[in-house]
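Consider the single chain below, provided in structure tokens and representing the form predicted alone.
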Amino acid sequence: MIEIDRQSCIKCGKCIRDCVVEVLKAGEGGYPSLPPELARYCLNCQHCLAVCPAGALSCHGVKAPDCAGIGELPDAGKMLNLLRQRRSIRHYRNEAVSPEIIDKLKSALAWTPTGCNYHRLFFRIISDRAEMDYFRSETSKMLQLLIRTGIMRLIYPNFRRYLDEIMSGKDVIYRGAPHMIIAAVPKSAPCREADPWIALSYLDLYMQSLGLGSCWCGFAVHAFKWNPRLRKELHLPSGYRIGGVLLFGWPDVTYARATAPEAFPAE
């Protein structure tokens, strides 16, 4: 599970010190070791692999050469620009995101943190326009049915401001977005409420760096919960529940400046 190359190990103890669950111990000759009785507690977080200056450690078959080196990070000013210039996009160009960029998004998801390193999130990216149109059509039918039966009045009392748009079939949920990504999590996950939101938040910021626009879509989460036909189309693994939905595509709007929101209380 965790193997030490003794020829490379310099016995610095950094892997032992940084072990999240404290299962690495100083063993024979001062080399780090994983006692067999503690092996089951290893989270495979790979902190030990990342911190080893000599690259002498492998974790679950992953070795130092398999990992990216430490690269340049955006400075504080650029990072702040990314945060304050990010907008929720509700106007998209009628243009699909290329498969190459979709692949970049998929790859980036590997580094999202999860509670207890419970790395079992499932993501469904809708990249096909026809499939998005199916979700739009089915959701529109569902909303109109909820209005006609009076159920909408109970679950969303403020729906009347959108009544004409909904009944005319306007896409008030997906906002014409050419794509969306659905994050699902096992019902047994220790941090099942937070994990999908954290993952999509990471991806949301990465999308901005690629020039994409995005919008969180809580109404879509409810639509998938209420409509089994929509849920079936996602082909989720058994035992998984939808935790978050993010719309995305090339934005059809340009902002001239950041906003000036009121600061949250912070003491």
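Quick caveat: nothing in here was measured; it's all calculated off a predicted structure. When you see a residue number, it is the position in the sequence shown, counting from 1.
Just so you know, the form predicted in complex with a small molecule exists too; it's not on screen, but the next bit is about it.
Just one listed stretch, out of 216-224, 47-55, 31-39, 229-237, contacts the small molecule in the predicted bound form at the 4.5 Å heavy atom level, and that stretch is 216-224. Among 175, 120, 104, 192, the residue placing a heavy atom within 4.5 Å of the small molecule in the predicted bound form is 175. Between the small molecule and the residues 124, 87, 170, 136, the one pair within 4.5 Å by heavy atoms in the predicted bound form involves 87. Using a 4.5 angstroms threshold between heavy atoms, residue 197 counts as touching the small molecule in the predicted bound form.
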